[in-house]
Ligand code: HEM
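Let's start with one chain on its own, the form predicted on its own, as structure tokens.
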């Protein structure tokens, strides 16, 4: 196993053997160089150091994305989205839609999530089996986030297609076709949201209480509103991020439980383990594997010198399996405590929707295995050839 890897020239077996490559890189160097002058970080403490110093490590991606995207819709989206903005813009925008994820707002969603999960499990029982990704782990979070934003039920399949194309463009390398399709998806998504906004302006009765799209259209922070462009791209970001991470989390969670049936029995015997079980799913298979920061000044990470302007790639999947932080890190243990994984990030950019994702997972796993403790894999899972997002594309189960 090579001691390091270049994100721009990955070996063919990287995705199925990612954790082996992470282990080798973590042992070899605190900062493994890439061919473009960027660095890969794989150690837990080093990544935490970066997360905790946003004044030194920038999330702004204009310099990084300009060579890749040029003056394109993809560049516009990925440099306007909340996740790729620094303070003060990040602080201002986050405050405007943070209320959507308050304890009160999540409590109002709980019964809807339970009803959706019950509906999917009824279908599983009727069919005797299920393709989990398409019929369960994708449907649940996309239904919830579309409810929150006010997307009509008949339009929701569009969201998955657009999201895959837009988020897929964040992979370290993309083809010209992926670039063109991603740009078209951004424009189509913006046109769709403009239609939804126009509908609400013409017909105020179309607005629902607590609906994020309507709330963001009216929201102010210190007398300032989102510009139309900011509003469009925050909604796209919320729709994309709001289901992509959760879909991957649910798919991997079902798979890891089925690979470890003893953990299903532990959960059934001790339902109070559901909170730590969700955290272990998130640690064991980080839904987002890579985050990035740019050094605003010369920096030192784990003894490695990083020049000003250099990008560091934070390999969350590697940090979550660092034995210096997690004893026996390759063991799936639903009672693991403490479990300070980095799957939702850390610091000012911690995932705004992390509480919603956790709620969806708690309800989904508890109901699934309470009702079907003997669920089994019908075929090995299929992993997507994606690096930034660790995605299961197909997971067939049987009763």
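From a predicted model like this one, the values you see are computed outputs, not experimental measurements. Positions refer to the first chain, counted from 1.
Although not depicted, the form predicted in complex with protoporphyrin IX containing FE (HEM) is the subject of the following passage.
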Protoporphyrin IX containing FE (HEM): the contacting residue among 182, 317, 242, 253 in the predicted bound form [heavy atom, 4.5 Å]:
242
Listed residue (334, 356, 50, 32) with a non-hydrogen atom within 4.5 angstroms of protoporphyrin IX containing FE (HEM) in the predicted bound form
356
Decide whether residue 288 counts as a contact residue for protoporphyrin IX containing FE (HEM) in the predicted bound form under a heavy atom distance cut-off of 4.5 Å.
yes
Contact test in the predicted bound form: residue 372 vs protoporphyrin IX containing FE (HEM), heavy atoms, 4.5 Å:
no
Quick check on residue 363: any heavy atom within 4.5 Å of protoporphyrin IX containing FE (HEM) in the predicted bound form?
no
Any non-hydrogen atom of residue 101 within 4.5 angstroms of protoporphyrin IX containing FE (HEM) in the predicted bound form:
yes
Looking at 83-91, 122-130, 260-268, 184-192, which stretch has residues with any non-hydrogen atom within 4.5 Å of protoporphyrin IX containing FE (HEM) in the predicted bound form?
83-91
When protoporphyrin IX containing FE (HEM) is considered in the predicted bound form, the residues of 331-362 having a heavy atom within 4.5 Å of it are 343, 344, 345, 348, 349, 350, 351, 352, 353, 356, 357
